[in-house]
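A lone chain, given as structure tokens: the form predicted alone.
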């Protein structure tokens, strides 16, 4: 199985899943439990993605310059600082820590 075949199969699977989502009746999604799950699932998936990208290195958990950079970014986002400033501050934090250690 080539890489392109895997990409095509994964793309078709994603497209099928998206089309299946349109087939769910609206009355089901308006119930409290599915609506709450749908609202919180996106946040949970994004938090998991950030955690994996921040702490993961292969199959290990690593604490390096990425963790303080994400902490600085989270703090600045909580303070509603413009996004470009958040990105620059987080990158500068990671660069500074890597330069020092």
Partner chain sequence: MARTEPGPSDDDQGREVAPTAATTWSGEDRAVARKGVAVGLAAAAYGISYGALAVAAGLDVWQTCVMSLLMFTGGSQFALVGVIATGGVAAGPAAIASAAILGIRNGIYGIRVAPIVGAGRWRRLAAAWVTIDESTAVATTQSTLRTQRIGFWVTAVSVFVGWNLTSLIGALIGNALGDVRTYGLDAAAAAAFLGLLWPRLRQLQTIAVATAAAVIATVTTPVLIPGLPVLVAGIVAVIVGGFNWFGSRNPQPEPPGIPT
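Residue numbers count along the first chain shown, from 1. Here the structure is a predicted model, which is why all the values come from computation and not from measurement. Note that the rigid core is defined as the largest set of C-alphas that superpose within 1.5 Å between two forms.
There is another form of the same protein, the form predicted in complex with the partner chain; it is not shown, and what comes next is about it.
Participant: In the predicted bound form, does residue 3 come within 4.5 Å of the partner chain, counting heavy atoms only?
Facilitator: Contact with the partner chain, yes.
Participant: Need the contact residues for 1 to 25: heavy atom within 4.5 Å of the partner chain in the predicted bound form, sequence order, or none if there are none.
Facilitator: The stretch 1 to 25, when checked against the partner chain in the predicted bound form, contributes 1, 2, 3, 4, 6, 7, 8, 9, 10, 11, 12, 13, 14, 15, 17, 18, 19, 21, 22, 24 at the 4.5 Å heavy-atom cut-off.
Participant: Quick check: residue 8 between the shown form and the other one - does its CA shift reach 2 Å or more after fitting the rigid core?
Facilitator: Yes, the C-alpha position differs by at least 2 Å between the shown form and the other one.
Participant: Kindly check if the Cα atom of residue 34 is displaced 2 angstroms or more between the shown form and the other one relative to the superposed rigid core.
Facilitator: It does, since the residue 34 C-alpha is displaced 2 Å or more between the shown form and the other one after the core fit.
Participant: Please check if residue 81 moves between the shown form and the other one, taking a CA shift of 2 Å or more relative to the superposed core as movement.
Facilitator: No, its C-alpha moves less than 2 Å.
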